[in-house]
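Only one chain comes next, encoded as structure tokens, the form predicted on its own.
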Amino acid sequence: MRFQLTDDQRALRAGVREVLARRFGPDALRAAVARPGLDRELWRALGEAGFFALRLPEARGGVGLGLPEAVLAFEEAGRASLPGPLLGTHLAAGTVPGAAEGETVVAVVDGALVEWWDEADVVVGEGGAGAVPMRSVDPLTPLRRVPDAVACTADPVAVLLTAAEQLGTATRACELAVGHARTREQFGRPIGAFQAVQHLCADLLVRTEVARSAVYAASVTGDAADAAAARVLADEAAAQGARDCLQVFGGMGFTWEAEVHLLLKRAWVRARRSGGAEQSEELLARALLSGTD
């Protein structure tokens, strides 16, 4: 099965990438680490660009596009390591006033965790009243823990858009690793000339493209089991991809000047979102055993 983007979808992806490159490039990412907090101006710019209202019908003031287009936008957000409760605000567009325009920041009680509680104007979900701050491995994703949280089935759209963000992280890790392997020299040769580095880069690319196929396919079918499969593959592509990218960078990848370690930390935090990989694996297993997929 082949998935070819339409001209409009390519233009959408290029537009989102251009906006993010202009407003939140690698320098801005490192600056955000030094000054944690939600950039409200950037949030409103995303709202003006239609990021949050992408799937909202035009009759209700939205862009009127579908899940495949939202996946492309979230993939670009993941590629840029864009911080903030993107998923919560996107899902709240049309139900929480101001969310579609980026004027209202919406966080979601997601099982036992809430991302960006302190920066949110509205927190959606039950059981978050007693949420307590906890230390987050990702400096750009503040977390609160919900005591006595009740497990619930994750929204398939939230699962798929999380997978799209993970796909963006995997793509960025692949780009960084290959770029570094081409330019970094050891023993008078680019490190990409050595077979061990070549294998790392090849594995990065394979995992990313397999995950991309699954994520794009799930965005077309809208099926919960397909979204779960995409989530499992994208989680692995992002986390293992970032680890392999660190291997290519060596010690340099652990420094604050490099964004590589930030990719890995964000991938770890996202892997706990929307029921985590475990819930997706269980859902996928049940679907396969039922013989319906």
Partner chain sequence: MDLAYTPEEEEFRARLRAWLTRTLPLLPPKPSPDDWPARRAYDLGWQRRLYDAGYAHVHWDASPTVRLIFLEETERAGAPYVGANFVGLLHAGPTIAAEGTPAQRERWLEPILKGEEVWCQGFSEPDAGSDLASLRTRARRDGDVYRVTGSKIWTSHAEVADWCELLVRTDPDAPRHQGITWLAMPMDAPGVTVRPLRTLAGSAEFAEVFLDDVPVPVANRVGAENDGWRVTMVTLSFERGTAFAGEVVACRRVLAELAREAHGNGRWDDPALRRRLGRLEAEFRALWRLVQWNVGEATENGVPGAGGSVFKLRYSHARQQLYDATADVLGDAALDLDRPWVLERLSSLSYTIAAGTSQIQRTIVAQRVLGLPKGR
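Source: prediction; values computed, not measured. Numbering follows the first chain given and starts at 1.
Although it is not shown, the form predicted together with the partner chain is what the next lines describe.
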item	value
Contact test, all of 68, 199 and 278, partner the partner chain in the model of the complex, heavy atom 4.5 Å	yes
Interface segment, criterion being heavy atoms within 4.5 Å of the partner chain in the model of the complex, picked from 105 to 113, 132 to 140, 181 to 189, 150 to 158	181 to 189
In the model of the complex, residue 246 touching the partner chain (heavy atom, 4.5 Å)	no
Residue contact check: residue 233 to the partner chain in the model of the complex, 4.5 Å heavy atom	yes
4.5 angstroms heavy atom contact with the partner chain in the model of the complex for residue 11	no
Residue 226 within 4.5 Å of the partner chain in the model of the complex, heavy atoms	yes
In the model of the complex, the residue from 214, 176, 99, 86 that sits within 4.5 Å of the partner chain by heavy atoms	214
Residues from 4 to 26 in contact with the partner chain (non-hydrogen atom within 4.5 Å) in the model of the complex	4, 5, 6, 9, 10
